[in-house]
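Below you'll find only one chain, the form predicted on its own, shown as structure tokens.
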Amino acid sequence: MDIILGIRVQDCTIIATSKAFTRGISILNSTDDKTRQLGEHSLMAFTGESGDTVQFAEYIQANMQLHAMRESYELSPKATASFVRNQLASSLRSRKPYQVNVLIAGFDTKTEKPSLNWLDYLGTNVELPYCAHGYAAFYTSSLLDRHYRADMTQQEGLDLLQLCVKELQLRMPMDFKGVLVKVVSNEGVKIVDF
């Protein structure tokens, strides 16, 4: 019952993840962070099987750091999403595929544009203006379709996210302990009080 939401606005990308770490019907942790910072201007949010998610996220994070050390530059958000997609597609053809769904949020410093990529466990990679994984997709897609505009500011994006969270609190059969919100902009990745 994980929730991950992403909204790309005019000058940044907003990512929200549920704080609850659940196993079956039990909440094991109420301050879980389902994101990993991959570079100065890129962030990965993930959901799926608990063992797979952590192992996959740490693997991707380590490979991004290794690339940055070897080549003396970080991958663009588009290249990062392509690398993650390739890893998911390769694991799909192995004996033990990762059961992980991912959102990649980034800010390309060369083009000065934010990006948001939706990837699923089958290796599908799509760049979208807004997206969600988990139960959040069922409940928030209509709100995002109705209220999203490409020229939204960061504050307007956070207001739209607030609408989505209120809808989730109303409709979800469990308490997801609120959301952790991070913003990826030209200033880097930062946590937003929500």
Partner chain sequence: MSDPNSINGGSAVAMVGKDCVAIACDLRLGNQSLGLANNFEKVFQLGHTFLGLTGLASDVTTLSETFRLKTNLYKMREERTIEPETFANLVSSTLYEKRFGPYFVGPIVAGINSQTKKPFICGFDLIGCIDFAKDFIVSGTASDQLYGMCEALYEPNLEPEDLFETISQALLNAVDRDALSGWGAVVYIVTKDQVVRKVLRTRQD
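Positions refer to the first chain, counted from 1. Note that this is a predicted model, so its numbers are computed, not measured.
Heads up, the form predicted together with its partner chain isn't pictured, but that's what we're talking about next.
Just one of Val126, Leu28, Ala62, Leu163 comes within 4.5 Å of its partner chain in the model of the complex, counting any heavy atom, and that one is Val126. Proximity to its partner chain in the model of the complex, defined as a heavy atom within 4.5 Å, holds among Leu143, Leu158, Ala137, Val54 only for Ala137. Proximity of Asn86, Arg93 and Trp118 to its partner chain in the model of the complex is complete: all three residues have a non-hydrogen atom within 4.5 angstroms. The stretch from 54-62, 126-134, 41-49, 150-158 that comes within 4.5 Å of its partner chain in the model of the complex, counting heavy atoms only, is 126-134.
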